[in-house]
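The form predicted on its own is given below as one chain in structure tokens.
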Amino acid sequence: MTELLVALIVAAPTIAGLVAWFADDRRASRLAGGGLVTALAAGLLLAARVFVEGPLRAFGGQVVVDALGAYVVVLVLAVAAIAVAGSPGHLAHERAAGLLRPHDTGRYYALLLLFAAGLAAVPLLDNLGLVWIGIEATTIVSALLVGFARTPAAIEAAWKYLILGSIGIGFALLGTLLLYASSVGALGETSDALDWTRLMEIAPRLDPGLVRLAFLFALAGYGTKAGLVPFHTWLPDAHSQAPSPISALLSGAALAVALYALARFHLVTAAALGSAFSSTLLVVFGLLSLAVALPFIVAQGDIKRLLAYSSIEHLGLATLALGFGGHLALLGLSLHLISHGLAKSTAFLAAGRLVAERGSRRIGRLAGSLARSPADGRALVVAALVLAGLPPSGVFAAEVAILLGGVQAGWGLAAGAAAAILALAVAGLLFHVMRVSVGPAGRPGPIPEPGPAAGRWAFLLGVPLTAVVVAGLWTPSPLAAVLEQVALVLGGGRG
């Protein structure tokens, strides 16, 4: 049963993607939806089994799914499903503008599905070498999606993403090889020398010098993929130039998968050396990411770059929580991952619709959106308020838990600095929200009539936002139990 569910999670979107490559517009869209729904259903069933029965093994031990892995798989597939559901609107606009070639729709869905399948496969793998291969594969596919519009700016962003992402993933490979060398020194040359579960068992016997170097390279490598400062320079360009549904997948899922890989290295390092070394580095880079993202958020004039810098801020906060450690901070991190993923993907979809309508990404040109485009305007405003961390929302609850958890874990000064930066970021985001929602439109025109799919579109944007807002008010006991298990794994336990 476990093998079947794992196979469906990866194979359903992969096969649907390969077929969609050759399909016409309507069939490609249906294939994408069917593939993602099948994979998401399998992911939810697998996660339910993991949370009830404990970690599951399959395919001779190459697949080991614990609570953290299952949680990230569901997050990836949920965000991918939102991206697929939002794609027809984006593609219709591109088609109307004459920017799509006849075969582009099938290729778009094929690349999107392969990207989602690669991201979903990573948290299922126990071998850190295979984890590296999975993340490297997603770099190639996602670079093609970033440059999909084929404009000079999009192609430049795709090349920048590919080059910097490849350099980063090269550092991650060095970190993986160094960890392998340390493991071989303790175990001899065995096939499980890079298995995460095996590494955790023998962590006290690993060579401390090699483990320290391995974590430094992993931090640079997977930190590049996660958009941590100073390895982040590709992110604002890639996220602003990619099609909006792809931006949603990059911000809501790909960054979380990179952080997942970094967390696995952190856990091995902490088990081998004690937590002080890797935790201190994570706190420093988390705070640096928060501090550098702040001025770009406050002074930003481009709506998609604003959301991109917001992603750097939130991944900085997530890295900070990982470095804080402690149950409360890790509980907050667990809630933050899903809340940020859903809110950010919705924000990118709504922003993409407004950009398509106005023909500009400038925030000043999007002013008056509540009156001109009520569904998209409301969704963008609510998503921005959630991402700002205002109550009630899952992001607010997560941020409070992370900061209090930091104080509890003895990181009071860092938690205080993070709180101050987040307060300033709230002010910056509120300023932009006011401009977009009720500011005077720079070039007023006729208010567009709602299209025939307006109700379906409002539903698509409303459901994830409602879930994130409700998560700040009420956490049902099954969800609380899930978050507890995820936090347990992030703290080095088995969930």
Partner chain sequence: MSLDPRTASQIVDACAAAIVVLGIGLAATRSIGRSIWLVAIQSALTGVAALGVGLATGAGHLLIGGLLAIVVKGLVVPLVLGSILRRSAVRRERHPLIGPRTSLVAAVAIVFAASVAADGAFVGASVAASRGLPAAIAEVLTGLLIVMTRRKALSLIVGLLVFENGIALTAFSLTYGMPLVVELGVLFDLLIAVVVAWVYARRMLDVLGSTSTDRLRNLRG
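Everything quoted here is computed from the prediction, not taken from an experiment. Positions refer to the first chain, counted from 1.
Although it is not shown, the form predicted together with its partner chain is what the next lines describe.
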Review point. Looking at 378-386, 86-94, 323-331, 158-166, which lies within 4.5 angstroms of its partner chain in the predicted bound form, counting heavy atoms?
Key: 158-166
Review point. Here the chain is shown alone; which of V292, L174, L273, V407 has a heavy atom within 4.5 Å of its partner chain in the predicted bound form?
Key: L174
Check your understanding: Here the chain is shown alone; which of G394, G118, G147, G286 has a heavy atom within 4.5 Å of its partner chain in the predicted bound form?
Key -> G147
Check your understanding: For this chain shown on its own, do Y109, S251 and L281 all sit within 4.5 Å of its partner chain in the predicted bound form, going by heavy atoms?
Key -> no
Check your understanding: Hey, in the predicted bound form, is T105 touching its partner chain, heavy atoms inside 4.5 Å?
Key -> no
Review point. Though only this chain appears here, would H232 touch its partner chain in the predicted bound form if you measure heavy atom gaps against 4.5 Å?
Key: no
Review point. Should A153 be classed as touching its partner chain in the predicted bound form when contacts are defined as heavy atoms within 4.5 Å?
Key: yes
Practice item. Would you check, heavy atoms only and a 4.5 Å threshold, whether E136 touches its partner chain in the predicted bound form? Key: yes
Review point. Who in 288-320 is close to its partner chain in the predicted bound form, meaning a heavy atom within 4.5 Å?
Key: F296, Q300, R305, Y309
